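Take a look at this single chain, the form predicted on its own, given in structure tokens.
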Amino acid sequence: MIHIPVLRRGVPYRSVEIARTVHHRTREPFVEISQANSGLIRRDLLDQETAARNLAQFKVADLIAICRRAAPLFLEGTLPLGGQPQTPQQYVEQLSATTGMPHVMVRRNMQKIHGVMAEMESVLTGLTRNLDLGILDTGHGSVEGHAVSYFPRGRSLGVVLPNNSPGVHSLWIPAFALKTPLILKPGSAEPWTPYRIVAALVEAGAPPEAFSLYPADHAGAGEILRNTGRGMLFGDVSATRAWGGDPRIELHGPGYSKVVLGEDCADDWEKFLDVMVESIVANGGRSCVNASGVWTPRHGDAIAAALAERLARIQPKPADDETAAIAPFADPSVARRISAMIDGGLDEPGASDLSAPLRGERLVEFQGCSYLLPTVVRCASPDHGMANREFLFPFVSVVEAPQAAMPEVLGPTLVVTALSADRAFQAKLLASPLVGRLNFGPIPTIRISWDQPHEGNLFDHLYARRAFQSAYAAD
């Protein structure tokens, strides 16, 4: 059986505490993962200066070059994993085995991660607003004739990672290029991606001590977030709520992303059906940037019916089928619980599952695995309990609301794809603090530009600008 160790400042460590993650289909133990208890994590984090000091010796340009060299290694190379070699195909199969994600989706996410590493200079240019990155090497410099100085807000970035999709790992990689050591807590079912990213970076010349990986329980995750200078947490509402008042922690919870039609485009909704479908279905509906709502001033019934017809064509496929569009749930009880939650929400008058007559049961078994089939819910009111929900499969609510009530009626939304050329409506969306990412026109919510901030800006999270003057001549 594969064994994945703890990494303590880049040094593998086999713990006496072992967790076994099962194959999602056979339910047989598939991988052993060494566990880091809270005491070990707390003790290791007493010294964060050594890794920060070693990484500070590199120029940002050198770290960007390391990322560029690591990109093809991650995508195509054979890399070490717990003392064994791991080929790209083994990575795909192993990740699929523990998460259920079809191979084709794993490979698409690999391309995303490859792209971020290969284009790291462009990513940082976007995050820093075209700052001369050499300023981070010296601590100060000049921008358009004005003296500037930046300093790190913390000595490391602690990241509590999810199981839902490998693509989210792209969000923490730029921290390495920004000279910040990483303290990572992998998801219990998805340790594969962070280990492979770290292995590729080290193979490309990164100092191993810049990376610590601590597979751990919730208590261990808490130690990481409490004891690192800056943090990043991926999780559901219950997981992120506890850290909502801590400005050190960047939270990545449900996105409640939406496609919104304006008054000027609502009558032409059929032209945008493909955009809606891609926004809902891409990556198996597992991402926070997947649309979980379509909001329109009219034609809600027709839009919901058309979406239900399109999504009803999606059926479970074998993991290695290149046309697979949905993933099974690695834990069948999660699928049962989600389906029951939806049914409970539909008991409230004013909402109906338009997919049910077309697809039959929502929860189905295929090759020994539990799937939730795509679901389209038509809500009669924005106030209905199902109007703003999100689940880990292709689920969407179709809601009618007047344009004048938007975006306030939408609530906090990670991504809005606004189908409207109305300049006044666009200006209202641009001014709203409720909207995280904003697309004007037929751009699927799932389509990400990695040189744009995702939820917050990682550079601003890691660095602060200080007032600075100097009476000495510039070097």
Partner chain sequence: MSSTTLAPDLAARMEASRRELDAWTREVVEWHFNPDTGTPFWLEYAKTLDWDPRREIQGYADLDRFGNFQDEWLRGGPVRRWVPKGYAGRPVYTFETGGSTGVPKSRISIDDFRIDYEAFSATLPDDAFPKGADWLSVGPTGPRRLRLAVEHLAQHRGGICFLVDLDPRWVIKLIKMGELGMMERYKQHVIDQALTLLRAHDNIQCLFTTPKLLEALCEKVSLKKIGIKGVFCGGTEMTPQFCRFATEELLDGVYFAPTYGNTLMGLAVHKPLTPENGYAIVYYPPSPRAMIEVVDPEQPNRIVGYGETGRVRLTTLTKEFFMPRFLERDEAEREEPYEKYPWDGVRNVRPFRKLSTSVVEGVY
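Residue numbers count along the first chain shown, from 1. If you're wondering where the values come from, they're calculated on a predicted model, not measured in any experiment.
This next part talks about the form predicted together with its partner chain, which is not shown.
task: Could you spot which one of P29, P412, G39, P442 gets a heavy atom to within 4.5 Å of its partner chain in the model of the complex?
output: It is G39 that has a heavy atom within 4.5 Å of the partner.
Among the candidates R68, R43, R447, R53, the residue which, in the model of the complex, approaches its partner chain to within 4.5 Å (heavy atoms): Exactly one residue meets the criterion: R43.
In the model of the complex, R153 touching its partner chain (heavy atom, 4.5 Å): No.
Its partner chain contact in the model of the complex: R20, any heavy atom under 4.5 Å: The answer is no: R20 has no heavy atom within 4.5 Å of its partner chain.
field: Distance check, I338 to its partner chain in the model of the complex, heavy atom within 4.5 Å
entry: Yes.
query: Are any of the heavy atoms in G255 no more than 4.5 Å from a heavy atom of its partner chain in the model of the complex?
result: Although its partner chain is absent here, G255 would touch it in the model of the complex, with heavy atoms inside 4.5 Å.
Partner-facing stretch of 137-145, 261-269, 112-120, 158-166, counted where any non-hydrogen atom is within 4.5 angstroms of its partner chain in the model of the complex: The contacting stretch is 158-166.
message: Where, within 6-22, is there a heavy atom within 4.5 Å of its partner chain in the model of the complex? Residue list please.
response: The stretch touches the partner through R8, Y13, R14, S15, V16, E17.
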